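Form predicted on its own, single chain, as structure tokens, below.
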């Protein structure tokens, strides 16, 4: 596989095919198209805007211990650029997480007790990237999602990061970049292959994930990935993605008095 976008797109049904499971086993990610209809995409965007309006009006700073990241939109107005536990504040988003197709991804964990982590990790996260002056979120440097387990002195548990893409993102507009196969790397490489979040540049081996509105992607939590900044400015740079953790193991829900996770104290460094 090259560093471009020449990989297969699949269709997600009620269960994974043998081909899909084998592709994930080798490469550590899958890309499904289409997952949502245009009408469903618009309904989710409206729901996220309703949560944003509520949080702006109430001055919400954290949800279940997780800081909310605010920034500026193309017209200078304040927006939420990283939501956490968004489904806790929207019946539309909560219902969306009940989509039975999510359960068809559980076998990729290769562990019993798979579930959608609506109340765990950071819950349903919505990232709203825009490249304008005042934006606090236009890219995200190289990282793995499994590092948080290391921070807590836990054994690295199985985790899938499922992305629901609400805007189309050709490779020319930045977006998700993956290092395929790094989900099988030794722990040392997971810790030190890149400087977490500080390294933002391209990698010769990266794959550009090109999405259309309504696409779904899933990658192994141990895989190195980044979100490239759009070279475009203003409205054309807008990218909104919802992320759902699929996990197993001991149930570990967050609540209103949960402490801020250590790794999120660096969230302000992510611009």
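The shown structure was predicted, so the numbers you read here are calculated from the model rather than taken from an experiment. Residue numbers count along the first chain shown, from 1.
Keep in mind that the form predicted in complex with a small molecule is not shown, yet the notes after this line are about it.
In the model of the complex, the small molecule lies farther than 4.5 Å from every heavy atom of residue 55. Residue contact with the small molecule in the model of the complex: residue 129 places a heavy atom within 4.5 Å of it. Taking non-hydrogen atoms only, residue 166 never approaches the small molecule to within 4.5 angstroms in the model of the complex. Using a 4.5 angstroms limit between non-hydrogen atoms, residue 121 is distant from the small molecule in the model of the complex. Stretch 238-246 is the contacting one of 23-31, 65-73, 45-53, 238-246, since its residues have non-hydrogen atoms within 4.5 Å of the small molecule in the model of the complex. Note on the partner interface in the model of the complex: the residue among 207, 227, 41, 216 having a heavy atom within 4.5 angstroms of the small molecule is 227. Checking 140, 109, 79, 97 against the small molecule in the model of the complex, a heavy atom within 4.5 Å turns up for just one residue: 140. Contact with the small molecule in the model of the complex holds for none of 150, 195 and 199, as no heavy atom of theirs lies within 4.5 Å.
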